[in-house]
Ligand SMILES: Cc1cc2nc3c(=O)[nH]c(=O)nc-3n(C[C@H](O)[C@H](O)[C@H](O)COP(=O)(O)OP(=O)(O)OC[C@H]3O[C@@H](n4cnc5c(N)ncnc54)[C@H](O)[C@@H]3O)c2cc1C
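Single chain ahead, written as structure tokens, the form predicted on its own.
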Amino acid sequence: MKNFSYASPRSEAEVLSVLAAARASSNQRETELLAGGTDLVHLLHHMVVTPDLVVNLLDVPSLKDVELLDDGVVSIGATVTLDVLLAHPYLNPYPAIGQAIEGIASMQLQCQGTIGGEILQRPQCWFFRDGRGLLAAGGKLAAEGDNRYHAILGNQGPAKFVSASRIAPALIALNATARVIGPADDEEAYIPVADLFRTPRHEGERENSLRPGQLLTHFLLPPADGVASATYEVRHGAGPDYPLAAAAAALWISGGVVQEANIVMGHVAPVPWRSHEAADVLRGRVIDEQIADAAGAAAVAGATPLSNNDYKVQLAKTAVKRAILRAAGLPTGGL
């Protein structure tokens, strides 16, 4: 592990000040933000990231709260731990989030991991984790090597990894927004959670859209009135391993008919992958197994699997189908 400086600010303003000072230093210090550390510590230990400065966020009180705002919006601080979210009554109307957290079948990861860290965790691609770079020789290593767990959608460019977050698809399906502040003290923006993610085209670019000096502080969930949601993961087994494919579904149903739908897949693309095609299949229909299956097929119709991961196409289709059925309160046929 490389030596680094450490800062532990106690307010959002102090975080921005520390980040600004690091950017303004003569050597443009590379900085990483630390929350639960379940991902960053591993990356530091293996020298995948080598920051000059690590900024601890756990001493900032405003990032630790779950609040119900006056307009019915649920506000979740970026350093709220996953176990707190799983047990919190404000999250009961959003089962897709709880089901995604339950999929992280490790008490340690749930108790230590934070919502912000989970959303912005780095890809699990073994080429990246082995120090070969996020794009792994412009995508060549993944295209020609062991790509069993890599992308089947959105993989035409050099990025072949899959987005690692298990909770982001649920937040995106539920139309959640993110509060981002900085780099300047007076800058504040509320953006769709989907806009936090991007597919990098050049080495050195990250898989999130945050600019240097910016801080993700909160997630905001709109009122859950009228929405049914669910997450479904296809996994190796019952352990904490990442899913092979996953999907989150949010359905607005009136009179038994789907009025609106959001379908977002996870672990199949470099970003959480919204399927407009699957949503189009569902609108104006009554959910049953046949309609859910058709939506699953539509979701993967444009898949372009790599040499060793075509099996993921069927798994992604199944994840979409079962997420829809689960959201609608119907049997999924799964275990």
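For every residue, the number given is its place in the sequence shown, counted from 1. Because the structure is predicted, anything quoted here is derived from the model rather than measured.
This next part talks about the form predicted in complex with the named molecule, which is not shown.
- Exactly one of the stretches 120-128, 249-257, 133-141, 148-156 approaches the named molecule in the predicted bound form with heavy atoms within 4.5 Å, and it is 120-128.
- For the chain shown alone, Ala35 is a contact residue for the named molecule in the predicted bound form, at least one non-hydrogen atom being within 4.5 angstroms.
- Residue contact with the named molecule in the predicted bound form: Leu57 places a heavy atom within 4.5 Å of it.
- For Ala230, no non-hydrogen atom is located within 4.5 Å of the named molecule in the predicted bound form, even though that partner is not displayed.
- Although the partner is absent from this view, Asp39 contacts the named molecule in the predicted bound form, with a non-hydrogen atom inside 4.5 angstroms.
- Using a 4.5 angstroms heavy atom cutoff to the named molecule in the predicted bound form, all of Ala78, Leu210 and Pro240 count as contacting.
- For the options Ala194, Leu85, Leu216, Val74, the residue carrying a heavy atom within 4.5 angstroms of the named molecule in the predicted bound form is Leu216.
- The contact residue chosen from Ala224, Leu91, Leu109, Val234 relative to the named molecule in the predicted bound form is Leu109, the criterion being a non-hydrogen atom within 4.5 angstroms.
- No residues of 314-329 lie near the named molecule in the predicted bound form, the criterion being any heavy atom within 4.5 Å.
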